[in-house]
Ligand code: 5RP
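What follows is a single chain, given as structure tokens, in the form predicted on its own.
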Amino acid sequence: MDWGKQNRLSRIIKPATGKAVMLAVDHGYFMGPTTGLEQLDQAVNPLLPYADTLMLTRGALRNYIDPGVDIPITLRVSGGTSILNKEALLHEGATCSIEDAIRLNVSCVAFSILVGAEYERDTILTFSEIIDEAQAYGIPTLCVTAVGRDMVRDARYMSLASRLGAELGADIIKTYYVDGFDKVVDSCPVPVVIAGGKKIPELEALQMARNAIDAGAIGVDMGRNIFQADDPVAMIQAVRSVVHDGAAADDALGLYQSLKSGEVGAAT
């Protein structure tokens, strides 16, 4: 692996722990003004000191994030359908050139593939082209895996989708946490992070992160379970304590509650 690519990865996956807290706020590319992100800059700026990378679109990056902020960017470069077109929701193509990603000085580019559905071939071949273009400039790629609507989210299908993404050449895999997640990680030769998914109670989200790390994931790429929490700044610190500090879910919840109530100061 060339120096530039390794350097970009090390900005996301912290060498001291080998872990990463990725903050996903790219929902607007298909959901529009998502609850909690109506004013994206107001929601995201307080969270940046606790995130290892920020995942968003180029429009959101240019319009909402101060270029003087020192935060590695994982740029969403796939899209093509909106939430209104649920049947083709993940029939995604490339929405950003690698040249524009370079102009934005990103540390990684992210693309969604759909495995086991009608548009599988389209997303896989387009992602392969993205990998080639990114590789030419030493930019890592993150494969966001999804499976067809008729396929259950279980270790068998998550393993298939994750391994496929790695075999194509992705540097990081983002997938869903499922029972038997260790099988997903063990059969994938590149680092795996879990998606946060829909908003769930704080303890459940923290326990999911703890279980994923214990099963071999190197981190999380959470969005709604952070920015839709009652106290997003407290929540991202609680997630960080699980990922980087090895905290148990109950202890992380205690930290969340203490920070939320103001009993302890924010971490630096």
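Note that residue numbering follows the sequence shown and begins at 1. Keep in mind that this is a model prediction, so the values were computed, not measured.
If you look for the form predicted together with the named molecule, you will not find it shown, but the lines that follow are about it.
Asks: Picking from 216 to 224, 237 to 245, 40 to 48, 60 to 68, which part of the chain touches the named molecule in the predicted bound form when contact means heavy atoms within 4.5 Å?
Replies: Looking at the partner contacts, the answer comes out as 216 to 224.
Asks: Could you tell me if all three of 26, 29 and 195 have a heavy atom no more than 4.5 Å from the named molecule in the predicted bound form?
Replies: All three within 4.5 Å in the predicted bound form.
Asks: Does residue 170 make contact with the named molecule in the predicted bound form, using a 4.5 Å heavy atom cut-off?
Replies: The answer is no: residue 170 has no heavy atom within 4.5 Å of the named molecule.
Asks: Looking at the partner-bound form in the predicted bound form, is residue 176 within 4.5 Å of the named molecule by any heavy atom?
Replies: Flag for residue 176 set to yes.
Asks: Quick check on residue 55: any heavy atom within 4.5 Å of the named molecule in the predicted bound form?
Replies: Judged by the heavy-atom cut-off of 4.5 Å, residue 55 is in contact with the named molecule in the predicted bound form.
Asks: Hey, in the predicted bound form, is residue 141 touching the named molecule, heavy atoms inside 4.5 Å?
Replies: Although the named molecule is absent here, residue 141 would stay clear of it in the predicted bound form, with no heavy atoms inside 4.5 Å.
Asks: Taking only heavy atoms into account, state which residues of 61 to 76 are within 4.5 Å of the named molecule in the predicted bound form, ordered by sequence.
Replies: Stretch hits: a single one, 76.
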